[in-house]
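Included below are structure tokens for two forms of one protein chain, each presented in isolation as structure 1 and structure 2.
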Structure 1
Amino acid sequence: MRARKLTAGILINAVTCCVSLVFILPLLVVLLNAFKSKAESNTMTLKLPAEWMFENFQTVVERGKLFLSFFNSLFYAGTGAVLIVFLIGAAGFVLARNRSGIHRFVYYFIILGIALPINNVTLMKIMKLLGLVNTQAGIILIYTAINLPISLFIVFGFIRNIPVEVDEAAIIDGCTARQLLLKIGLPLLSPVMVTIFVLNFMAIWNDFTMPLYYLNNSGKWPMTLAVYNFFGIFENQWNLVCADITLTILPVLIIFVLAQKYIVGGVSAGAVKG
């Protein structure tokens, strides 16, 4: 019996290790090849580089305009996420508490956006009418709008779990509507707001479609579009491509490690009964 359990243990651990390898290997290959010379990276293998070429990264940063695109991404993701936090803080609080006809409708109407596709052809027309094509303000507004639905859904679920008696007590104590939101509502919401901020920051950081449609000036490109463009130009220099990909993944990985709790908690909140 004990022998059988031991074999089972070894077997199941071998299986899970293989599974984990499938997920880590592709990234490891890219990382290793980022340090190789052009010739060596021409046949991608798991071999360690003959000579560690740290200058690849310098080349990539210079030629791929990585600094500029990094700060663009940071700007779009940061501003967009902050905007969403404020808009959803106010809207979510009202929509979750006040369930009379119109509010109910507005809630369902907005979360319909979780599923609906964005029509970029006509959105382009609206952007042109508003003079927002190829502007940083335009792209931030789009990001804010398209990420509202899922954020509202998560915040709504959270607010529904805060007892309404808290609000009643505040009102009896003479709280006004604005004070209720600012002094009672938002502080109670702060954990879910951190989640919303992190999730939206990453969603915007990772997006590629919107700049592809709405930003044609390379000076305004975020990292995703810059790396895509770099890939197109340097497709036969795999060491540089890998170095560029590595540098682009790095910020996201750092955020992931730092904000793991919020990310995993946030994605679960959407699905496992918010």
Structure 2
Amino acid sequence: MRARKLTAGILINAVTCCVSLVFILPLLVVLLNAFKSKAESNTMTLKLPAEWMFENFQTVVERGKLFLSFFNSLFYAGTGAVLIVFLIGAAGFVLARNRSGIHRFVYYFIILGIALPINNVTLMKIMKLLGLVNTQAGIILIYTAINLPISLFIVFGFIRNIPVEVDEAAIIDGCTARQLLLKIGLPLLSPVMVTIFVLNFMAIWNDFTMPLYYLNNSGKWPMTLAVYNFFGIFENQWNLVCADITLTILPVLIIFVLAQKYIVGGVSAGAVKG
């Protein structure tokens, strides 16, 4: 019995390592080739650079307009994630605590967006009607609407695990509805709110299609479109392309590593009930 468990554990670890390599090796190839010369990077191998070309990153920043696209991405991801957290914090608490028919209908209507695909033709017509095409406000509103359903689903499950007696005790002590939300609800939601912020920040930062469809001005492009444009200009210089990709994924990778424990804890807590 022990031998069988040991064998199963070894097989599971081996499969896990193989799956991990599928994701790690491409990143490692990009990272190593970002420091190579143009001739070396053409082979796209895992071989260490003969000479570490740190100037590749300086070239990318200067010629790829990364500073502007970096701040655009930061603005879109930060503003969109904060807006989602604010809306979900208030809506999730109200919908989870009120179980009447209309509240349940609103909840299921919103989370229906998890399964429904995005109709870009209709969305484009609406954006044109409202004058939001090629605007930063428009792209932020799109990101907020797209990511609201899954965020509400996670927060709703988290709130359902908080005893109702906490609210009742606060009301007995004289809390108003606003005080109940601000002083009781939001502090209790802080773990899952951090999770929602980080997940949405990463999702918005990494998105490519929405800016491609709805932003025609290169001055408003995020880093994902800047990489796409950079690749089109320097398609034969893989060292510069890899350096550009490395600079693009670095911020979101740092955020993910620093907030990993909040992501795991918040998602697991919010997935217990829903």
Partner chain sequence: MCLLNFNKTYPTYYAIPALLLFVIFFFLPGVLGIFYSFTDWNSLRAEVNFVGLKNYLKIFSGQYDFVKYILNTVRFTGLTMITKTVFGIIFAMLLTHKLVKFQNIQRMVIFIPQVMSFLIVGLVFKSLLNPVTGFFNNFLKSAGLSVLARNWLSDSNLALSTVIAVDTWKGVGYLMIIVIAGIHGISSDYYEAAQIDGASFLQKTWHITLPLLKPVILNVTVLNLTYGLRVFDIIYALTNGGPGHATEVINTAVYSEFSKGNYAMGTTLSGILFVFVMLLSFFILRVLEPEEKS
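FYI, numbering is relative to structure 1, first residue = 1. This one's a predicted model, so the numbers in the text were calculated from it and none came from an experiment. Throughout, rigid core stands for the largest set of C-alpha atoms superposing within 1.5 Å between the two forms.
The form predicted on its own is represented by structure 2; structure 1 is the other form. Shown is the Cα shift of Leu11 between structures 1 and 2 after rigid core superposition, which amounts to 8.5 Å. Core-based alignment between structures 1 and 2 gives a C-alpha movement of 4.0 Å at Ser20.
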